[in-house]
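Next up: a single chain in structure tokens, the form predicted on its own.
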């Protein structure tokens, strides 16, 4: 386990507030009569890193896409920063998305743009900033946060998987979101790069006071960065608590999941 990441996580835990920044109740979503979310409940506290675990097909990625209306749920309540998401119009949804950063699994960089242009794009589109001096300053500040300032004029095709993850996170951070949604931040990365991404997620939490939901299959990632864990099974909550409590479970379903990923349930 990454001891440095765990140390940062323990420091960050003291900054978690009591305010609920995301509240979800009885969330349902089906695709072609196949239930994916089947009554999910979730609360995210201010400054908290909440990891959502579960087997493939349990609706983890669907859940966070519903939060920002990338997918429309069939039923349920979603409140983000005090706003009823399901009652917002398209203009209000776009405004909310500026406060909720979404880090996609595959980074979602534009291959036809340099790193600089990828980071300038949300500034121009969302904040209507066109002054090149201001753009340069914001781009370089964002890249420095993820230790990628040297790549400012490179193309995405020239970057490694870990570098693309960092650039994707920088492009999200450049709008100063209050909430971060990470979809499989360490997927496809080697163990050393995964540790670096874990530390980056924790540094973002520490520097910006962000509240984050992290979708992952990587239990080493979950152990390193989670203040709390939710485990979904058959589209609904099966466990909600600290990671250490998860590893002490006697629940046969959870023990099978942990053993599959070589995490021993004590």
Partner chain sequence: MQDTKTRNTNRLKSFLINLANIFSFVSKTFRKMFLPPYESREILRQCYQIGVKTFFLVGFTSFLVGIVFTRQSRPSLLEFGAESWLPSLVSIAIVRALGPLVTALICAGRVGSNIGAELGSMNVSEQIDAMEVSGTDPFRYLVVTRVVATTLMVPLLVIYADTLMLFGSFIATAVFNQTSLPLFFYQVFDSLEFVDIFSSVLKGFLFGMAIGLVSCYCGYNSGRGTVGVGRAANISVVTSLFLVFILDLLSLQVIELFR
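Residue numbers count along the first chain shown, from 1. Because the structure is predicted, anything quoted here is derived from the model rather than measured.
What follows is about the form predicted in complex with its partner chain, which we do not show.
Comparing 94-102, 133-141, 184-192, 77-85 against its partner chain in the model of the complex, the single stretch with non-hydrogen atoms within 4.5 angstroms of it is 94-102. Within 4.5 Å of its partner chain in the model of the complex, a heavy atom is found for every one of 111, 121 and 171. Interface membership of residue 176, defined by any non-hydrogen atom within 4.5 Å of its partner chain in the model of the complex, is ruled out. Remark: residue 126 counts among the residues lining its partner chain in the model of the complex, judged by a heavy atom distance of 4.5 Å or less. Contact check for residue 45: every heavy atom lies farther than 4.5 Å from its partner chain in the model of the complex. When contacts are judged by a 4.5 Å heavy atom cut-off, residue 36 does not count as touching its partner chain in the model of the complex. A heavy atom within 4.5 Å of its partner chain in the model of the complex is found for exactly one of 50, 219, 68, 200: 68.
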